[in-house]
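Here's a solo chain for you in structure tokens, the form predicted alone.
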Amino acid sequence: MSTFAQRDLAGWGRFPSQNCFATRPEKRREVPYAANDEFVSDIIARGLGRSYGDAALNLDAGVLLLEKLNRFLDFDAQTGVLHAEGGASFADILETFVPRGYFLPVTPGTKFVTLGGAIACDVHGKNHHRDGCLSEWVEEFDLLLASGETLTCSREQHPAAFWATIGGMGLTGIITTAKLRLIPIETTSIRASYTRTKDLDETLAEFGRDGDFRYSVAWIDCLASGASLGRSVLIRGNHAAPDEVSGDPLEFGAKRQKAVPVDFPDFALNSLSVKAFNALYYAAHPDREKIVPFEPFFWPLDAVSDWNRIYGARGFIQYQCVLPFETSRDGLKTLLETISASGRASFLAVLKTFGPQNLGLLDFPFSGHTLALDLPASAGIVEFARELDEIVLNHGGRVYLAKDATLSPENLRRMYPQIEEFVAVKARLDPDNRFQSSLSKRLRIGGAQ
């Protein structure tokens, strides 16, 4: 008897919301049976649901919920290598290993993601310019194929499967376990530096002086215009030394989350309210340095559970693109002018610098600047996002599939030149195209329609 049950699911942006058929295995041994259950035509793995669009959805088809497969299997204190199940969350890794003096080598803007999902999206963080994506720190992983076979994939073993699965959005198989190298730290504090900039040119110039900082990000006022276009607050930092903090340098106390108990009305976030917030945020962050706890530095929004409800029941999209250094100034200027003129209020907008591209066939980052912003899913949002896509394409850039809900299949192929190589590897690993998602069907990846 099938364990799949009908369930409405959405990504973190709550747009789109779709009817799926989901099951939640409790043990790894149950996963092969669920993955091949004939009740569903095809299937996609899902972790904690923090990808924004439809990457972990599968309309009228199967979704495998893997958050229960969250066990730690082994840890080597000499090398810092953690062996864990794919459903282990970054939050649990931090709670267990930070007090022992180890930290995640790369972390996205939330700690509520799973190890398997983070590999499938090849997440990046504030330190990409120094340390690359998460994949740089992944030693190997076990990949369950639709055939029932498990491949241990690394740079040496099954490298084609390794680099197709890295950033492959779950379309090659299911990551059941992985080995990740953690980094040593001496404290749970960050020596943070805040720098205000008056416009886009000053912001980009400041990014060019990031050599002394392991972590770097800019909050950017995407509704500013005229002479203030691109004004920002750069937030940069390094791990603090023990003599810079008081008390237990590795103290890790879980903070109580505040909650957004109800959906905000759609009119709450508008150009006027967001402009007012942006003005207050800019004024509240003068140039300074200070020692801060690592949690608000890396994951400020994690302090508020269900913060996505601020955008109301309509939801939102997070639009993230990368532009090469050669064209980023003009491309960012055009994007910011277009967004400001549209009146579409982005409560969150961040700018970062990326280092070199890795070997992942669908990996997102390459050397350049990346802009990420939240846009309410109001009327015309798909058309507006595709207008932004054309600007990005005209400047040699691309969008992040883990955030995407609107890209067209034609533009995917213009942005990701290795898509056909990915499809060829997927066809070898998954000849019957068992692993599909709403994203892969929308973008027609691997024969998905």
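Given the structure is predicted, the values throughout are model-derived calculations rather than measurements. Residue indices: 1-based, along the sequence shown.
The same protein also exists as the form predicted in complex with a small molecule; that form is not shown, yet it is the one meant from here on.
- In summary, among the residues Trp307, Phe213, Phe75, Phe97, the only one with a non-hydrogen atom within 4.5 Å of the small molecule in the predicted bound form is Trp307.
- A single residue from the set Ser378, Ser340, Thr195, Thr110 has any heavy atom within 4.5 angstroms of the small molecule in the predicted bound form; that residue is Thr110.
- Residue heavy atoms within 4.5 Å of the small molecule in the predicted bound form occur in exactly one stretch of 170 to 178, 149 to 157, 237 to 245, 282 to 290, and that stretch is 170 to 178.
- The small molecule is not shown here, but in the predicted bound form it comes within 4.5 Å of a heavy atom of Thr114.
- Though the partner is left out of this view, Ala349 does not reach within 4.5 Å of the small molecule in the predicted bound form, counting heavy atoms only.
- At a distance threshold of 4.5 angstroms between non-hydrogen atoms, Arg46 is in contact with the small molecule in the predicted bound form.
- Put simply, Val123 is close to the small molecule in the predicted bound form: some heavy atom of it is within 4.5 Å.
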